[in-house]
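Given next, in structure tokens, is a single chain: the form predicted on its own.
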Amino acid sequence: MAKLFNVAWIGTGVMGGAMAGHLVAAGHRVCVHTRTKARAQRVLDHGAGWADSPAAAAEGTDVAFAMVGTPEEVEAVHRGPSGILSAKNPPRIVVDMSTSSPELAVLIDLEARARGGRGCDAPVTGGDIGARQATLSIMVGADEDSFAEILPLLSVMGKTVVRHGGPGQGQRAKLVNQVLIASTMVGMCEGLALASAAGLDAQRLLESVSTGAAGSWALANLAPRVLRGDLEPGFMVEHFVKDLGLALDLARRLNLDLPGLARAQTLYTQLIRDGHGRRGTQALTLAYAPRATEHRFV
């Protein structure tokens, strides 16, 4: 019989709620905290407990997970005055599944070790669909012993779980992932804009190209949303811009020039200025709308 864990879960947003729900469904004892309790209601209804702070959720647990939006929120939920690591009896292992700074991941590990525990970073890719279907790809930065201990929990949430090295390396792998996605999203939206302007049936076009060399996760999962006019977030624009900024910072420190990444960041930053920061990353299609106002995707 698989070992069952006492788990804290911080953050039940677009992806976090579904991920915590998989742990509950697997029989683990889960205590959650999020800024707005109503957003946790679904996982609470399925058997999770509630705590009024990250510290209270983490008290005496085996493993504490966090899935929040920004490095500032990561800092607060782990190292803040009511954060996970301020618990009187902190968890043995702290796992940050947000996309954040590699340097912050190292600091969380160091502070966790000072309290007798260990810190791991395990950011994910796969969006809301992957979170709901438990098919996420999880990129882990952890020592070998910590990875072995948390692997059964991560495997409940994801289909592909890979350790990339010690603390911080999971975050670096995730930033590479975001660089790969950024130019793919630009190409997808530009291709759909050209198809529309050229009078092509975009749905038939997807049937033609999705299984060829142009195929991608974005083309298979996000292009159909664009065609339906569905710009709801699987992953928010404002969070993607944060990730692209982290990737550009890492590239600059390594003396790398990544012009495709810089162009994608410019386009996505403009979306935020235009009021679309809370939409999904497929909202990049709006950047091309002014040039094709007479055309519609059909």
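Model, not experiment: these values are computed from the prediction. One-based numbering along the sequence shown.
The same protein also has a form predicted in complex with a further copy of the same chain, omitted here; what follows describes it.
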| field | Among 67-75, 85-93, 108-116, 212-220, the region lying within 4.5 Å of a further copy of the same chain in the model of the complex by heavy atom distance | value | 212-220
| task | Report yes if all three of 63, 148 and 154 come within 4.5 Å of a further copy of the same chain in the model of the complex by some heavy atom, otherwise no. | result | no
| task | Mark residue 190 yes when one of its heavy atoms lies within 4.5 Å of a heavy atom of a further copy of the same chain in the model of the complex, and no otherwise. | result | yes
| Counting only non-hydrogen atoms and a 4.5 angstroms cut-off, does residue 101 reach a further copy of the same chain in the model of the complex? | no
| query | Would residue 263 sit within 4.5 Å of a further copy of the same chain in the model of the complex, counting heavy atoms only? | reply | yes
| said: Taking any heavy atom pair closer than or equal to 4.5 Å as contact, tell me whether residue 205 reaches a further copy of the same chain in the model of the complex. | reply: yes
| said: With a further copy of the same chain taken in the model of the complex, which residues across 179-210 come within 4.5 angstroms through any non-hydrogen atom? | reply: 179, 180, 181, 183, 184, 186, 187, 188, 190, 191, 193, 194, 195, 197, 198, 199, 200, 204, 205, 207, 208, 209
